[in-house]
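Next comes just one chain, in structure tokens: the form predicted alone.
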Amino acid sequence: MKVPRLIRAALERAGVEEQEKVSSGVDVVGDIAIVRLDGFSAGEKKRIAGALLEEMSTVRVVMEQEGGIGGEYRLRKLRHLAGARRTLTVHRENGCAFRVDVARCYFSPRLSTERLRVARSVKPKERVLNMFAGVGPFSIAIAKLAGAKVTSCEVNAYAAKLHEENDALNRVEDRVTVVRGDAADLPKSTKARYDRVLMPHPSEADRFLPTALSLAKKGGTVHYYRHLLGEDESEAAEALKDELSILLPRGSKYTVRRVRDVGPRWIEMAAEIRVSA
């Protein structure tokens, strides 16, 4: 596995020998760096984390992620390694600012480009539904950059609270409505239909797809995200098409594309589904 430049520099500064099987990478959320350092001793991890603080002038906290993202709220299991003892920060991307608690809310800085791509595809008069909004990175970017009205659904009450704070922080509270609750319950609480429905929940999007289709206008678009096994983009695309052939009505129109690599042989793919008239 290729070791990122930042980790290699921190290893050299800390005087720690590179491990062949190190699970290495750095996610920077605001001023918090989140690392994976499997294969190192506890003492080595502390030294590497201290070196990272010296290497990254804007970072004030280093946390280690243990295992994957899991649970209903898709949270990381984090352990403090160096710097201030806090998990709340302010993350900036695409001209927006987000208050994020990395231990209590799902947030991936690696989706910044995807969020910008989607926001740029939205027209000002569209009505948008984000079924899994988190602290608001997709929704606020759309409201701020496209000027569209967005309804955000979020089951994690604390993330929904931060979303509302972020709406005010970015001055889009007049364009964003936050609904606290399970996205599966949306059809019971609203008769609204949307020009665009976002489903940024790759591990469970298949379960919620019927709900998304029912909430989209005829001729609208559903953004469907999945993590799929594949040696390359072509193989992952075929896996996504096979899945959609089962989940969608016959003759449905959609396009598929790669979003990012998420692990060895795992690729995040997106399908943009055109809701049939």
Ligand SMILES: C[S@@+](CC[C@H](N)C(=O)[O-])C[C@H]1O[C@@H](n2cnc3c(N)ncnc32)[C@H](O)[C@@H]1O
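A residue's number is simply how far along the shown sequence it sits, counting from 1. Predicted model, so just to flag it, every value in this text is computed and none were measured.
Keep in mind that the form predicted in complex with the named molecule is not shown, yet the notes after this line are about it.
Although the partner is absent here, Gly181 sits close enough that one of its heavy atoms falls within 4.5 Å of the named molecule in the predicted complex. In the predicted complex, the named molecule stays beyond 4.5 Å of every heavy atom belonging to Thr151. Contact check for Glu72: a non-hydrogen atom falls within 4.5 Å of the named molecule in the predicted complex. When contacts are judged by a 4.5 Å heavy atom cut-off, Phe208 counts as touching the named molecule in the predicted complex. This chain lacks the partner; the member of Val176, Ala141, Val128, Met131 within 4.5 angstroms of the named molecule in the predicted complex by a non-hydrogen atom is Met131. Residue heavy atoms within 4.5 Å of the named molecule in the predicted complex occur in exactly one stretch of 120-128, 167-175, 182-190, 84-92, and that stretch is 182-190. Residues are counted as partner-facing when one of their heavy atoms sits within 4.5 Å of the named molecule in the predicted complex; in 191-212 these are Pro200, His201, Pro202, Phe208, in sequence order.
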